[in-house]
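There is one chain below, alone, in structure tokens, taken in the form predicted on its own.
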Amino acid sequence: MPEIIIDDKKFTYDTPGKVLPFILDHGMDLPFFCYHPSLSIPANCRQCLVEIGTPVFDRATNSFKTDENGEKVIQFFPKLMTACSQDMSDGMVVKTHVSSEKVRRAQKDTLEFILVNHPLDCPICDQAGECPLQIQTYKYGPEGSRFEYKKVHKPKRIQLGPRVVLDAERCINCTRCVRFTHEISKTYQLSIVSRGDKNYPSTANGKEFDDAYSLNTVDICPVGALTQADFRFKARVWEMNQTPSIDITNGKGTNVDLWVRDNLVLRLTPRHNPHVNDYWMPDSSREAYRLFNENRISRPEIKLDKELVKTSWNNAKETIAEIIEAHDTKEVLVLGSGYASVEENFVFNQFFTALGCGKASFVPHVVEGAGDGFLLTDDQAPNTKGCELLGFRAHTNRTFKNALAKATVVVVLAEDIVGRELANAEDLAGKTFVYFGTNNNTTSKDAQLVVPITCAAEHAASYVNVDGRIQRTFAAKETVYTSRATNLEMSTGRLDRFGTKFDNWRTDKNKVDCLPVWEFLSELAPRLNQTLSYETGKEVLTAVSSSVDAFAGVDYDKMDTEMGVVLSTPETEEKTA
């Protein structure tokens, strides 16, 4: 098996590749700026320079030359090589800053040149705390600046597009953003303009950077040159806690991180998953923070004199119980949703089926042409496939209208049927309408009873994407009834760990008064002589996996370990055949 020696340590490898990713994959450190594992390799930042040597082959003897100790003679290249572009070869010897003074000096000199015209304003830079340039300068750079002249000035606060703002003075010309628009999104909207120390990325004259994936350039920018317009200067990275989750705005299930401060989701960024989204996410998915924060339903609401007013949880439970007892269960329409998780739909269906209401159905939300063949799909819901695997009947708009006309009681889970124009106020007139939802919308306004439920940022639950892969969320936000301190799955930031409840960055006003569907229905069950007892999404999924064949053997630990689990469906079996 071929081997490579890095800082006097021997490693073997099966598949040839570049030196830099091999070093990083083996837990060693080597600084870089322009390299990105999913982009081409320009080798223009020169930060990953290393010493490289190879064994000397003697053609006369047809063997490698050896020294007096029998070791292979290594001939090093006369100049340092970029590890990102250098292919590995059998017997190669690599010296990084760990074992080479020449490399250490090169790294320091490279950083000094990069910082010549870079503004030294880390305290006010929006990238501070998560800036590779800042981190590497502290680790590998010079201890001070020898540059005593006026720095070159470039355009600042340039609105490249609706979502991206450029500070050209901070750009180090790594070209990551340009390569992204050329190689990943393929819009070719960015290019390096001007020359020498005046150059920076920009669009063509009169054009705006409206790429549907433009904010990925902010994610991969190794400095504070590109920033997100609606997040600029809202929070420092150390003030937020970072929680893994998935995108709930379409059917792809893009892996994301939720960044929360004071119980508000301030931004979403992509989380690497090679099976789903690689390192990327669409800009539209980042708008989900508004769904998690704004216009939330908090506390149950009941309609009195044509107005929705706040009521107690006990009254909400009693009202539903009285509605069920007062009507023929065959006249109850139970509508699940592709916008709700597997666990929510399962418990919702289990509860009402046990009452004799019939199996839940749902209406897929597919918009033809909305997908782009990359991370945007025609399917607008995150869990359509999950509803199908649970055995829910998929309505068309017409069959749903017919079912709605026959019902006297309508119970809807997380589906904006009025906003989607599946029904209108006239269709719901004269019917008893109960709505379980997360946000106020046109549907909640027409309900007689509104039950607030947790959103994807407030519970651990799973969703099945369009490819049949089940993935899960983690609780990132507290509700009135949950605490970050007692839920060991919830991540904590520096302010959470070292602050107190009396600190001015911590308030209770952003906590929503809502419950998970499974918890609310478990509390309601005894009132209707039912046995239902779920406290967590994990308990619900255990019941799902033991009762629904498609989910057999699936649990949260497996999802976490395998970055989601591909369920056995006719479609997935056909793909793997």
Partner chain sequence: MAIDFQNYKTLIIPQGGNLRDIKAYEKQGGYKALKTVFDARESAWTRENVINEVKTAGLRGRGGAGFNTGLKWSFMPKPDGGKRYLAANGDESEPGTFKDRVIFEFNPHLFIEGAIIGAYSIQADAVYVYIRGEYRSWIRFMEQAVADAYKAGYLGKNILGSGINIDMYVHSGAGAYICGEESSLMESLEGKRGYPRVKPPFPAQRGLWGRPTTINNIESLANVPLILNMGAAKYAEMGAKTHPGPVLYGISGHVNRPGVYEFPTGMLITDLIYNVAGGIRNGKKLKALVPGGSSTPILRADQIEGVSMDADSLRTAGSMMGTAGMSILDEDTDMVDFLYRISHFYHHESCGQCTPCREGTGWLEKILKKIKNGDGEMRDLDLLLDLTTQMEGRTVCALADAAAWPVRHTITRFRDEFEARCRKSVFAIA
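Residue numbers count along the first chain shown, from 1. In this text the structure is predicted, and so the values were computed from the model without any measurement.
Beyond the structure shown, there is the form predicted in complex with the partner chain, which is absent from this document and is the topic of what follows.
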Check 80, 105 and 196: does every one of them have a heavy atom within 4.5 Å of the partner chain in the model of the complex?
yes
Could you tell me which stretch in 507 to 515, 23 to 31, 38 to 46, 547 to 555 has residues with non-hydrogen atoms within 4.5 Å of the partner chain in the model of the complex?
38 to 46
The partner chain in the model of the complex has a heavy atom of only one listed residue within 4.5 Å, and of 439, 117, 311, 491 that residue is 117
Interface check vs the partner chain in the model of the complex: of 128, 192, 366, 354, the one with a heavy atom inside 4.5 Å is 192
Heavy atom of residue 147 within 4.5 Å of the partner chain in the model of the complex:
yes
Is residue 138 part of the interface with the partner chain in the model of the complex - any heavy atom within 4.5 Å?
no
So, residue 173 and the partner chain: in the model of the complex, are they within 4.5 Å at any heavy atom pair?
yes
Looking in the model of the complex, any heavy atom of residue 112 within 4.5 Å of the partner chain?
yes
